[in-house]
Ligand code: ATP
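The chain below stands alone and is given in structure tokens; this is the form predicted on its own.
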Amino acid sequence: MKKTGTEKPIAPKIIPRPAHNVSRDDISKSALKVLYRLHNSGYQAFLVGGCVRDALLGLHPKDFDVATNATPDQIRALFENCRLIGRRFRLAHVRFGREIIETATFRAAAIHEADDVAHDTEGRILRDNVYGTIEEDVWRRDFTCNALYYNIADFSIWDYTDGVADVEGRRLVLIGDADLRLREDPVRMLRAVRFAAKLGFTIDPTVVQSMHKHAGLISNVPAARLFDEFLKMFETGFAERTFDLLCEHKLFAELFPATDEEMNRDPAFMKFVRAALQSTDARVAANKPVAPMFLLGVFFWAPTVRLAAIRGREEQLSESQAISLASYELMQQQQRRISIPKRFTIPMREMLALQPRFETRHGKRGRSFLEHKRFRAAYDFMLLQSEVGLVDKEVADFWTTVQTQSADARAKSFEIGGPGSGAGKKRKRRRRRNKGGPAAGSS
């Protein structure tokens, strides 16, 4: 039976080294240095969280978090390469080159009786963090699979919540009362989806029930924090599965309401979104870079086109101008949900506004488009649309071909310099007539 967090601290199940598969070979040398120095200085020192979980699953952990009974000041005294961060709760960042080992002092329990909590006006539970013991620290963690402690003293695993069994059963179970835990931090709903997608775990039914009940609390999470979660969910190689789970649990609409509305209205747009998610996952699998602005552009394409049609009629704008204005308006609305930095929104808007230019396949203006700084991103975006039938294949083939042509062949493709093209001819300037009078200079 899972503990609710209201019980008195209990002794952990201690799993000795011969009974588990976590090896020091799985742990970064930097993390081992931190663990050993803390231990040799008389402090408790544990690896905790996802690194232990992933090692148990036979994966290769990348991020290593350390938990200890040493205070931040005591940690800093041991490491010259240490910097303390945070206001409400200080953390120690021990830096080894580019690698940072986050080292935290045990925190007091984050779960109390139902009437022993503080709420804000939106229904979320608020608490300040205070230092505690390992027995208390375990109860403030989210899922049982993330509450496993690897003890450097004897290489055992300390398990207070049956987390090892849940890892073996590939289950995501919240520690304590699911309603309280999700109200305490609604982002745990997104973390549940992310872990389920990444690890192939199933989400415990009690957690699912609470997620459906409290999905609306996502809109109250600070927008900047949600952007960080967006990157973790959609840029780590499991974007399509994450998307499916977000939709299944009614969370995608809380993050991207305009996108969700258009997907429900237009199956072709849903197909485009799914193709983009698959492409993103394929690039991550191939160790190719992915740009947040591209997937965001996909998410906002249909809402932008719909709004652009309205703005174009109202203000007599060109198609590109209308798209640029519409995407700006949508971004302003979206920032209330997810705070997207300008370094992503500005190139995204440029990429979208360039889409009508692919219809211009002749003349110098068409050829100069190839030199635009956003051409490649815009081209990839157009090509993906072509793959799902939203852009004519002839258009995509033309722009694919001209990129590899010689200068002469490219000029011919754009009908520049050929017979009758007018290339190289000086245009005769037409005289303009004064309104209501003879042409200037006439007698």
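Owing to the predicted nature of the structure, the values given are computational and were not obtained by experimental measurement. Start at 1 and count along the sequence shown; that's the residue number.
Just so you know, the form predicted in complex with the named molecule exists too; it's not on screen, but the next bit is about it.
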{"property": "Listed residue that, although the named molecule is not shown, lies within 4.5 Å of it in the predicted complex (heavy atoms), from Lys250, Lys232, Arg306, Arg83", "result": "Lys232"}
{"property": "Interface residue in the predicted complex among Asp397, Asp63, Asp380, Glu415, criterion: non-hydrogen atom within 4.5 angstroms of the named molecule", "result": "Asp63"}
{"property": "Joint contact, Gly50, Arg53 and Arg188 to the named molecule in the predicted complex, by non-hydrogen atom at 4.5 Å", "result": "yes"}
{"property": "Partner proximity in the predicted complex: Arg141 to the named molecule, non-hydrogen atom cutoff 4.5 Å", "result": "yes"}
{"property": "Distance check, Phe195 to the named molecule in the predicted complex, heavy atom within 4.5 Å", "result": "yes"}
{"property": "Touches the named molecule in the predicted complex: His93 (any heavy atom, 4.5 Å)", "result": "no"}
{"property": "4.5 Å heavy atom contact, Asn146 and the named molecule in the predicted complex", "result": "yes"}
{"property": "Stretch in contact in the predicted complex with the named molecule, which is absent here, among 180 to 188, 209 to 217, 293 to 301, 331 to 339 (heavy atoms within 4.5 Å)", "result": "180 to 188"}
